[in-house]
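Taking the form predicted alone, here's one chain by itself in structure tokens.
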Amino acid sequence: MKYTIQQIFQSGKFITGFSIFMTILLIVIIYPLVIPDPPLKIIAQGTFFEPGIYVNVYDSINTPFYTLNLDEAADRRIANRLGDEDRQAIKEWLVGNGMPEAEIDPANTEQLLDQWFNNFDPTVRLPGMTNADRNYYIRLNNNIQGLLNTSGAVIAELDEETAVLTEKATVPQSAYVNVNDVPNVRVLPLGTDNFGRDVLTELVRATGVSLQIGLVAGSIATLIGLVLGLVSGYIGGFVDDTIMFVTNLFTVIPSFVLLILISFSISQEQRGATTIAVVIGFTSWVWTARAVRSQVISLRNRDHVNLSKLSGHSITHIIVRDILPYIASYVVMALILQISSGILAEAGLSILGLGPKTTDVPTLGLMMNWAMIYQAHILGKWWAYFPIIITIALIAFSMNLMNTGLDQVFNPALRD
């Protein structure tokens, strides 16, 4: 046993897959201890906030500031509020309103804004302009008001008795605050999803739930396949024919189609993560049973098995003591593949809307389903779906690497 374990951990493929899988598992375990927020907690009033560091504006105003004279600060401020597309849109409006195109230079910010403010009229509807275009120009006009103003922002307080605003302070444009001094800062490495929930927190929790589903489904499928394969392969005869008849029935009907039909027949409220895992397990045992049966048929007439028969040992004793140890490595590899298949099956079911109920716990498949329903892939909100795809791929890749490494260790024909 010790030598076998050494061989396993000397396999480069197994070590690589094991390292990736353990890294994912450690993140799933440790992250909730550091960030204990509920995974389905809505923290944002809006959808698909971009990844980044979010600082409370109110607290930042009341935080002591420092003066930094950065030459490029004004250019960045202007570029943030007036991009190249906005400049081109202004030029198109001015040309459509009758101004010669040669007089318009989109790169000259001061001249462009002067021309815009002197000519723009929100009530004017140019030929071919839609309501969406008109609203865009109105928003653009409001956004660039005072863009070239170099004075600071005035902080005023409303007097409740006189209803008069009184100036309290001025924030110059060269004022900067240290983010460590602001009391309310939230880091969202993967932004928020369509419901305004932290994608990273949700992803970590969903990965843990999907791993649990895969483990339960894989264990059930492997156990059923192992028992049926052992009994069918060793006893043979009528028992073998009966088990193979049932197995062939399940083989004729694709397992995923059967899985869809069973899941569809279960109501949304009853489709919990455990229920889905059990359903996946009871529809995924077929190939394991056939493979184990083939292994047992090749072992049942070996000398040590015949000797055990002559010794008067029971069928159970022979199967457990004389046959099972010889296929134990194959069973472990089958379990790894079944866990991976269970995770992928749950993801496929959830994408179709037949996964665990959405109000219970998140899964990787459910997160993909939500992203697709709210068109994250069309809107370019990559953080709502791409990390999920990467996570699923890493889990499947790591398990297949581990399985390949084990196969090279236990299968002499594949050894270097």
Partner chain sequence: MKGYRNYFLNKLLWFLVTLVAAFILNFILPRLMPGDPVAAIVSRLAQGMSNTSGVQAIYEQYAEQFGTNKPMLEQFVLYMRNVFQGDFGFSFSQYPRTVADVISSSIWWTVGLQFPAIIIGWLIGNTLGALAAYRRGTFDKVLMPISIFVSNLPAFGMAVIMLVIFAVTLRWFPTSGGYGFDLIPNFSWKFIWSVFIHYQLPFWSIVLITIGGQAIGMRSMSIYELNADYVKYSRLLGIKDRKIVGYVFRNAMLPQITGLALSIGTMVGGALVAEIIFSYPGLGSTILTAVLGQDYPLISATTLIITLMVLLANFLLEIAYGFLDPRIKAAQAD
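Positions refer to the first chain, counted from 1. Values in this document were obtained by computation on a predicted structure and should not be read as measured data.
Heads up, the form predicted together with the partner chain isn't pictured, but that's what we're talking about next.
Test of understanding: in the predicted bound form, would Ile30 fall inside 4.5 Å of the partner chain by heavy atoms? Outside the cut-off, so no.
Looking in the predicted bound form, any heavy atom of Phe397 within 4.5 Å of the partner chain? So Phe397 counts as contacting the partner chain.
Given that the partner is absent here, does Thr316 sit within 4.5 Å of the partner chain in the predicted bound form, heavy atoms only? Thr316: no contact with the partner chain in the predicted bound form.
Indicate whether Gly353 is a 4.5 Å heavy atom neighbour of the partner chain in the predicted bound form. Close contact exists here: in the predicted bound form, Gly353 approaches the partner chain to within 4.5 Å, heavy atoms only.
Is every one of Val252, Val257 and Ile392 in contact with the partner chain in the predicted bound form, taking contact as a heavy atom within 4.5 Å? Every listed residue reaches the partner chain in the predicted bound form, so yes.
Which pick from Ala156, Ile266, Val185, Ala74 sits with a heavy atom within 4.5 Å of the partner chain in the predicted bound form? None of the others qualify; the residue that does is Ile266.
Going by heavy atom distances of 4.5 angstroms or less, which of Val57, Ile378, Leu26, Leu70 would be at the interface with the partner chain in the predicted bound form? Looking at the other structure, the residue within range turns out to be Ile378.
Can you check 44-52, 30-38, 369-377, 57-65 and let me know which stretch has heavy atoms within 4.5 Å of the partner chain in the predicted bound form? Heavy atoms within 4.5 Å of the partner chain in the predicted bound form occur in 369-377.
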